[in-house]
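Quick setup: one chain, the form predicted on its own, written in structure tokens, and binding and motion questions come after.
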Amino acid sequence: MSKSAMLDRYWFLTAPEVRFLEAAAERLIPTDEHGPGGRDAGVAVYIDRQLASIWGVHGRNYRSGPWPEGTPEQGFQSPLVPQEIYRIGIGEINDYCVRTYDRPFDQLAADRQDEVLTALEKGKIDLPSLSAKLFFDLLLRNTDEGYFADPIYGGNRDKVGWKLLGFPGLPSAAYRGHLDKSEPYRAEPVSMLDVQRNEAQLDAEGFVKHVMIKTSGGK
């Protein structure tokens, strides 16, 4: 578990589940010369917060079946809720890794972890209780969300995802006037968490005030 994640309090995930998700998120979005990967961006924290919310039990979804195999256009098709998919899926994937490689997923070498994730994506691992592809698709979607969502939801720590894209976050009055221009809008990104913590200034209309990033040319 990364040092930064140790500072977070998890609401649903157990320690082995956090270790699995940190390792998986780091392989799906690896740390490279462009910035931190999924582990240090707090993807596991984001997933934990979502699982602890009403979404984790699909509290607003129809839950009475039937449950035939659906098409991609039909959306989510499973009697299991996200909490169950993660808890059961991580446990069964770790069991598979221990049987096959003598250690759980988070203790495998990076290339071996890639092999397992690829096999899950292609449905080539038979999990006893759920579809491997169902698990992988949910994991990939939530990893992307955790890396790029507003930090108020637990992920995108230090706004690393937004900085990678050059996304300014919450709009300012100046940003609204810039949308029709062709040149980049370079500003330090501002999140809802910044506003909540009073770390961002607001103008009289309630829009955030962006701090512009100076380029090498001084503009």
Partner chain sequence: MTTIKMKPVDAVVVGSGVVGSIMSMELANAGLQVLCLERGRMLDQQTDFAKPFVYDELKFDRHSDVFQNLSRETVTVRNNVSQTALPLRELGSFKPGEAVGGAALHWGGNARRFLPHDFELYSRTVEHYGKSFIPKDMTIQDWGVTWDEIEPYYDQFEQIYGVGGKAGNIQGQIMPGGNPYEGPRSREYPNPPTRATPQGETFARAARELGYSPFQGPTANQTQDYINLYKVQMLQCQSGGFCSSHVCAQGAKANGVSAIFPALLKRENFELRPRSNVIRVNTDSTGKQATGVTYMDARGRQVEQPASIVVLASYCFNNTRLLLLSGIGTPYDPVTGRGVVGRNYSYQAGGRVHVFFDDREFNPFIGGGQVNTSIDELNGDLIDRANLGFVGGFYVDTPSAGALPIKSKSVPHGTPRWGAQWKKAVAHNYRRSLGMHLHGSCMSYRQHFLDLDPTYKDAHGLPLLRMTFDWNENERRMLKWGYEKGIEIAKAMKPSSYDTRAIPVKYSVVPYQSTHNIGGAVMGADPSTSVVNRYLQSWDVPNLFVVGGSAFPQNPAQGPTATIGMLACWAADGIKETYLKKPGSMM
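Values in this document were obtained by computation on a predicted structure and should not be read as measured data. Each form is matched to the other, and the largest set of C-alpha atoms that superpose within 1.5 Å is called the rigid core. Positions refer to the first chain, counted from 1.
Unshown form predicted together with the partner chain; subsequent notes refer to it.
- With a 4.5 Å cutoff on heavy atoms, Phe12 does not count as touching the partner chain in the predicted bound form; it lies far away.
- Mapping the unseen interface onto this chain, Ala149 counts among the residues with a heavy atom inside 4.5 Å of the partner chain in the predicted bound form.
- By the criterion of a heavy atom within 4.5 Å, Phe76 is counted among the residues contacting the partner chain in the predicted bound form.
- Taking the partner from the other structure, the partner chain in the predicted bound form has a heavy atom within 4.5 Å of a heavy atom of Thr71.
- From the list 123-131, 83-91, 141-149, 96-104, the contact stretch for the partner chain in the predicted bound form under a 4.5 Å heavy atom rule is 141-149.
- Annotation: in the predicted bound form, residues Val18, Glu22 and Val45 none come within 4.5 Å of the partner chain through any heavy atom.
- The partner is not shown here, but in the predicted bound form the stretch 172-192 reaches within 4.5 angstroms of the partner chain through a heavy atom at Ala173, Tyr175, Arg176, Gly177, His178, Leu179, Asp180, Lys181, Ser182, Glu183, Pro184, Tyr185, Arg186, Met192.
- Comparing the forms between the shown form and the other one on their rigid core, the Cα displacement of Gly166 stays under 2 Å.
- A movement of the C-alpha atom of Asp32 falling short of 2 angstroms is seen between the shown form and the other one when the two forms are aligned on their rigid core.
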